[in-house]
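Here we start with a single chain on its own, the form predicted alone, put down as structure tokens.
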């Protein structure tokens, strides 16, 4: 039995003992109650309920916002009061029951939605699960809508998201591993993969990078992405973010790893290539040739969104002789009264477009639509009539904006729009030479970039002809019998070693 009690000065905040001291529970519920109150700095949402079972005083402690009141009454209070027995682990019907005598575990359990059950004269206590799992209803993600196919989207409850995956992959090889990241937030993170498909080296590398995260707070998967990506200074996203269960399922079946986080509907997929950002579930819900045409259109939109304003600036400023005479006359006539060079025109329109886009995102839906229409028509017309921007520049910027919207990934769309600005500066300074130089730098960077050991620009660099059938185009499903080499599945590796061993024996 412990001698004495922990005391703290009335006006001095309570300090939880260091790891060198003992954290064993007290023998009296009053002392345990005082410890928990002071550990939470007397927060008013920490609730206590005193009950008597077999003439023994008992205490229930929980954080009110995290506990489902109906679950508390149905699975804990009602069985205890009706049976009137202290063998809690045989009476209570909670989903999870833990036994401990370490009060630090009680503090940690309370923050996760557990109810602490204390008994007078007993040093151990029970942690009873009664977490409130309220979440919004399952809806289709706003930024990943499809015409055909599933309209399910992830929610903020990680267990509900894993349930969606389990329904789609009814296979015992689907593995889920949980991690805790963030010293202050203690955020729950999970990685999911299929055991006999995912590369073991990839799994170990992902686990190693997650365990190496040292920070106080992790709020969204974007925080994790910054810590574990290969090249944090690259303008291109190196992990695919999605809120669609079907998209995540398709990637983990190919041997990739998914990352989910409590409190966020976004998931990360790793490793991915550049062309993964231009693939959509819509491609597989349509006939193969329709999916191929849609992919080619999206990849063409990448070139337009990246280089179209720069091509126009270089042509008008340095290389107008490459245009037909009739087109030159039309362009020159629209530029006669414009006081700015083409670069300033493009910057004015691009910045205005970004302002309208940002305003439309932040405002409520009906107002945002009005702002988009009014901004596009009124401001565009007024700018042309005021001779601040030419008609041709309005067309170029509009095509650029539409092309950037065709990208299925928001992160890739932002990267392309940002890369367009330095290309415009190079084109205005050196013409096509500057544009080619800028595009060459981007291509060199794409060819040299890797993510978790996978070449980012595969299957073009390194060139793999067999993998082109499901990257730039999509061939029929019956021709897609092999997984990508860079995320080579464990079963395929074993088959390769078996063939190699058999061949050596034959020789």
Partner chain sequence: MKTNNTINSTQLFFIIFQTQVGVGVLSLPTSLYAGAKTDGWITLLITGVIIQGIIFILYLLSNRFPSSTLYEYAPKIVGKYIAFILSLLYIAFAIATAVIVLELFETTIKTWILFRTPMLAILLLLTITGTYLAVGKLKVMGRFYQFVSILIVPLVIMAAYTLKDADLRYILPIGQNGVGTILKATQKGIVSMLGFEILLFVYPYVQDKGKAALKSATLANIAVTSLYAFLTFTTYVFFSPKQLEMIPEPIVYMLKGVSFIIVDRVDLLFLSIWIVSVMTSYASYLYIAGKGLQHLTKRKKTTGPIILVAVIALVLSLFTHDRYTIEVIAGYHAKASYFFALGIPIVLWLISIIFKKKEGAL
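Positions refer to the first chain, counted from 1. All values derive from a computational prediction rather than experimental measurement.
Another form exists, predicted in complex with its partner chain; not displayed. Remarks below refer to it.
Visitor: Quick check on this chain: which one of 319, 151, 180, 287 has a heavy atom within 4.5 Å of its partner chain in the model of the complex?
Guide: Contact with its partner chain in the model of the complex is made by 319 alone.
Visitor: Tell me, which of 209, 98, 357, 168 has a heavy atom within 4.5 angstroms of its partner chain in the model of the complex?
Guide: Comparing distances to its partner chain in the model of the complex, the residue within 4.5 Å is 209.
Visitor: For this chain shown on its own, do 80, 107 and 127 all sit within 4.5 Å of its partner chain in the model of the complex, going by heavy atoms?
Guide: Judged in the model of the complex, none of 80, 107 and 127 sits within 4.5 Å of its partner chain.
Visitor: Answer for residue 201 alone: is it within 4.5 Å of its partner chain in the model of the complex, judged on heavy atom distances?
Guide: Yes, residue 201 sits close enough to its partner chain in the model of the complex that at least one of its heavy atoms falls within 4.5 Å.
Visitor: Is it the case that residue 65, even though its partner is missing from this view, gets within 4.5 Å of its partner chain in the model of the complex, heavy atoms only?
Guide: Close contact is absent here: in the model of the complex, residue 65 is far from its partner chain, nothing within 4.5 Å, heavy atoms only.
Visitor: For residue 440, is any heavy atom within 4.5 Å of its partner chain in the model of the complex, or not?
Guide: Residue 440: contacts its partner chain in the model of the complex.
Visitor: So, in the model of the complex, is residue 433 in contact with its partner chain at a 4.5 angstroms heavy atom limit?
Guide: Yes, contact at 4.5 Å.
Visitor: Out of the stretches listed (218 to 226, 69 to 77, 136 to 144, 321 to 329), which one is close to its partner chain in the model of the complex, meaning heavy atoms within 4.5 Å?
Guide: Among the listed stretches, the partner-contacting one is 321 to 329.
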